Every structure is written in C-alpha cells, then in structure tokens.
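To begin, one chain is listed below as structure tokens, in the form predicted on its own.
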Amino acid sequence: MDKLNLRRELMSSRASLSPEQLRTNASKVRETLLDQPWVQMAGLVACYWSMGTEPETHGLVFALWKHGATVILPVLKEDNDLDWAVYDGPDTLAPGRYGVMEPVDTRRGVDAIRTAALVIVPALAVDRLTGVRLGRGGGSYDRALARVGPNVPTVALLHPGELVEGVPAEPHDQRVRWAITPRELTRLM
C-alpha cells in the first residue's frame, strides 16, 4: 500500500476510537514510558503536544516536567521545520499554526533537539522490522529526527494495530529506535 492510502486507512481507524479508548491508551502508554529507567534519567526530553486522535501526550509532558525533566516542545516554522521551546507548565502554551498548542518561551532553534536525551515523536505507524516511521506527510519530524544523535532513544507513540510490517519508505524517511502501544514497548534498532 502506498503512503497516501495507508495514511487514510490509519486516520480512519483512529477516528473510530472512542474517548474512553483514547484515555485508556494514553494512560497505559504514559505509565509504561515513565517506568523505564532511561526515561526517568532523561534530563532534557523533546516531545510533542498531541492533537485530535494522536496518542495523547498532555499528561506525559506534565508528568515529565513535574518529575524534573526539562521538556521542549516543537514550534512549527513557516517552512514546516521544527523550532523548539521549553514547556514550563500548562499555562505556558498558546495556539500556534493550525491551532496546535506551542510553548510561549524563547525559541531555541531547530538544532535544540540535538541536546535531548530522549525524543518522543508522533507517528501514524511504525514498521516493526525496520523502524521506519510514517508521519502525516509534512516532513517536519523527518527533518528533526535527522538531527538526533545515534544513541538517543527515539520513541514513536502509537495506538494498537499501528506497529506493522511494511511501511513504505523513501530515502528521507527517518527511523525510530522504539515504538510504544498500550500493549507493548518494542525496541526496533
């Protein structure tokens, strides 16, 4: 299946999830991640502020921040690259482009992700054999992930059924090292 049709299929599947399923999935993913020593020890975490039916990160971001991590969230630039700014609590967010909540803190630049000890990214699917991540098609996270060091854990948050075999890949597509669903945390690379 090509990327466009796979995206449509996955978005349709996500749209069928009930609010209860979304809450349960978010809770399980958050608990599993926060139990990992490599997550607990990460001083600087790059994450995203979820929207719609994406695996919810609001509670995760808040928990990481409350436990002492510095959390940076993306700020979408005009060219669709990602700048980064520090999250300093729920009152420090404002709607950005397309209504996605972004930190109002000073922008740290596109290279700020290079200093993160943990990178958590959105995905519609991840190939369980190769770690290739399927995003929404804008290329923002492929550019950001290309800046992350080879030993930094990169984690894609998924709903059940989104860790699959056979995600179509192009040369610019970046891989993730971990995928997490409410049922499993899987090391990919």
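We number the residues from 1 along the sequence you see. The structure presented is a predicted model; accordingly, all values stated were derived computationally and were not measured.
This protein has a second form, the form predicted in complex with a small molecule, left out of what is shown; the following refers to that one.
Scanning Q36, T70, S50, S140 against the small molecule in the predicted bound form with a 4.5 Å heavy atom cut-off leaves one residue, S140.
For the options L44, L134, A26, V152, the residue carrying a heavy atom within 4.5 angstroms of the small molecule in the predicted bound form is L134. Contact with the small molecule in the predicted bound form, defined as any heavy atom within 4.5 Å, is confined among 141-149, 36-44, 154-162, 56-64 to 141-149.
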